[in-house]
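This document opens with one chain alone, in structure tokens, the form predicted on its own.
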Amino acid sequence: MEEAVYSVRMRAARGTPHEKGGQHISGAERIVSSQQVASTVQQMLSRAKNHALGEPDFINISIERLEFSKIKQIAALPLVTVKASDHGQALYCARQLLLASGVQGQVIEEAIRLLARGPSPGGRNMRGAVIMDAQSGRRLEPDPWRGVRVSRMDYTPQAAKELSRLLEPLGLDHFRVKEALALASKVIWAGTLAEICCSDDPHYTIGYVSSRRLGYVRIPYLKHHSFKGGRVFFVHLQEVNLTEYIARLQEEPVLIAQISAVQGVKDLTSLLEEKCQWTMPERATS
């Protein structure tokens, strides 16, 4: 008999719950064994109550049993950091990386404007992500207040250990890096062309661009103190079934079982020359 595994998810908000428009404070995702559920809940509760954005008024922790045989096992995106010394250079890098990934220039500018002013109506932070057509810039997420929240992803124990081994010499063995890589890997696997993200945490200034062509590229200084933050998923609308795509992001559980290349800092030109030769394997359809 297969050991039971559980999806444990935490969401924390201020003012009112997320579903009533509350300010998003914190979130976390794990897929763990039954023996790890209690300790995981305690860790998530502590994380929610001790966030840089302040103490939340509402904390929701959900626990869901999963059928292990139905969990997809995928590979992590290759990870690299692009050299940027200030916010201006960071934005230039992000623009070039997204252009190289197939996103139109005017669409990139609209996405950056959303990250700066806040992607939800009224310029507030959004719990989930914007979905944007890479050619027209049209927003496609069903609920512009909530966005689309990627859920049910984690690493296998072996992959988590290998990732820590590779990140530690670079000074990157931190839950922020590992969780962001897991999320970005699922997002691209699900059929996304590219993603841009910067945190809503004013103290965390490193953002990223990820794509099928480039992998996961960390960008120092992408988050300016004036930016609200958020994430935008770019898709080719004519190539995706939007309903199925959103269902994969929100509902289909994945475990990262394979760690790809982990590199240090590279300048933009070298990065583009190297990464544009790399293509992620096609998403499994079964």
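Residues carry their position along the shown sequence, with the first being 1. Quick caveat, the model's predicted, so the values are computed rather than measured.
Although it is not shown, the form predicted in complex with adenosine monophosphate is what the next lines describe.
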Checklist outcome for this item: Only hit among 201, 143, 168, 109 for heavy atom within 4.5 Å of adenosine monophosphate in the predicted bound form is 201
Next on the checklist: Considering non-hydrogen atoms and a 4.5 Å limit, which listed residue (93, 114, 76, 148) is close to adenosine monophosphate in the predicted bound form?
Outcome noted: 148
Next on the checklist: Against adenosine monophosphate in the predicted bound form, would residue 215 count as a contact residue? Criterion: heavy atoms within 4.5 Å.
Outcome noted: no
Next on the checklist: Using a 4.5 angstroms cut-off on non-hydrogen atoms, would residue 97 count as touching adenosine monophosphate in the predicted bound form?
Outcome noted: no
Checklist entry - Any chance residue 89 has a heavy atom within 4.5 Å of adenosine monophosphate in the predicted bound form? => result no
Checklist entry - Does residue 29 reach adenosine monophosphate in the predicted bound form if we count a contact as any heavy atom within 4.5 Å? => result yes
Checklist entry - Looking at adenosine monophosphate in the predicted bound form, is some heavy atom of each of 11, 41 and 59 within 4.5 Å of it? => result no
Item to check | Segment assignment from 80 to 88, 67 to 75, 149 to 157, 131 to 139: heavy atom within 4.5 Å of adenosine monophosphate in the predicted bound form | outcome: 149 to 157
Checklist outcome for this item: Taking adenosine monophosphate in the predicted bound form and a 4.5 Å non-hydrogen atom cutoff, the residues of 207 to 237 making contact are 230, 231, 233
